[in-house]
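Two forms of a single protein chain come next, each set out by itself as structure tokens; they are called structure 1 and structure 2.
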Structure 1
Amino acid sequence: MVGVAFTVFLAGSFFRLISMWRLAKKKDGLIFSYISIFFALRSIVHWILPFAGVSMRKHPAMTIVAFLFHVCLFAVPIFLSAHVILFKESWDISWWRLPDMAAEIMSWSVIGSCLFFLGRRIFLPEVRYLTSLSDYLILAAVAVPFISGLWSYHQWAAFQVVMIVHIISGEIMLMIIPFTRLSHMLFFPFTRGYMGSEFGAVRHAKDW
């Protein structure tokens, strides 16, 4: 099961990147001419540092939540001690583990962030207008593994069932990354890098 999920995620991501690469070669050849590693990195760095850009400074709450969310979203599943132990059991590989307390706080942060994003979708008109069912589903796909994970950790009612939910929802989230809007994880460096190159090398301007 886990193997299937990882395979779908990795193979799917690989497939999406390769097919997009080929499509770009065929239809958007200019990307390859104009991409500049220096300016691509310059732009990416400015967008992965909190408050480095004007847009981020204009929305401090969104910036803090978005960064917290993404950091925790990556760190918890990878460094959660229970997960590391499972990897150790299955493949005899292990790495640094998060203290349980930290992992717990971070998981609550993810859930809180999801609620914040949900709130934006519901209460901010400009976001509500753009939101469709799929956006809610994706938000749920991210939140459910964390809610069920905490639930199982605390061994609340029916945690055995919730544990199954946790495993399946986690695997679903992993598997849909390449095929939904979650693929911004894969494409972010390319879209940002390309824009950074155009702005930096051709237009001699900042893009943050």
Structure 2
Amino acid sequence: MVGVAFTVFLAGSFFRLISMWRLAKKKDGLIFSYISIFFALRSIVHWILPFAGVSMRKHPAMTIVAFLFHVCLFAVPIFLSAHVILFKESWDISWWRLPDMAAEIMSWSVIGSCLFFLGRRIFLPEVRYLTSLSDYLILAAVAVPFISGLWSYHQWAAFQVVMIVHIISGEIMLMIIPFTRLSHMLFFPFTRGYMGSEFGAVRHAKDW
């Protein structure tokens, strides 16, 4: 199943990126003429820095939670010691591992962030208006692997069953990335690079 999950993720990501490139070329091929590596990288670097943009400074709580969420979401699955050990046993490759305590704190941070995002979608009218069922399902798809992972780590009740839930939910989350709003992780460098190029090379302005 791990092999299937990675195959779907990689093939799906490649398909989505090629499809988006073809669509952009078909609908507005002129955008490729003013893409600037300098302005694209300037924009990308600027937007991955906390509080660098005006909108980030206007919403400090959202900025802090969003950055914490994204860092932990990527770091825990990649650097969790149990995952690194599995890669070592399966493919004889390994890398640096997070201390277990740090991984646990970061996992709770992801769960807390998901609850924060859920609260925004429920209680803020401007966010609730734009929310659909798929948004709640995506939040669940992200939260369940971390909840079940902590459950299994602490060996709480029926942890053997929960471990299976953890494995399956993690594979599902990986496979749905290219086909849901989670695909923004694939498109971020390109959309931000496009915005940075348009503002910098065409409008001679900053995009933040």
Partner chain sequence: MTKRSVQNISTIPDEGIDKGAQRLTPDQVSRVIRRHLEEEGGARLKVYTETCVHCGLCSDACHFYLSHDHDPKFSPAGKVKQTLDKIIRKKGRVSIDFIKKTAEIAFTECNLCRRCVMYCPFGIDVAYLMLFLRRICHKLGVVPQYIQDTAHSHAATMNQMWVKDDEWIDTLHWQEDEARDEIPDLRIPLEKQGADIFYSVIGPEPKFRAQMIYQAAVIMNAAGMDWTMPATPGWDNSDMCMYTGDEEMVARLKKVHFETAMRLKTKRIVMGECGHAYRSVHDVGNRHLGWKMSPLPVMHAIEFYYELFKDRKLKVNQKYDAPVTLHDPCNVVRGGGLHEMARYVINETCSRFVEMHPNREHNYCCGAGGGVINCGPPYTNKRVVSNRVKADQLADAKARGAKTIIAPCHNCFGGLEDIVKHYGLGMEIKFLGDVIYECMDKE
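Remember, predicted model here, so these are calculated numbers, not experimental data. Residues that one form lacks are left out of the comparison. We call the rigid core the largest set of C-alpha positions that still match within 1.5 Å between the two forms. FYI, numbering is relative to structure 1, first residue = 1.
Here, the chain labelled structure 1 is taken from the form predicted in complex with its partner chain. In sequence order, 22-28 is the sole run of at least 3 residues present in both forms whose Cα atoms shift by 2 Å or more between structure 1 and structure 2 once the core is superposed.
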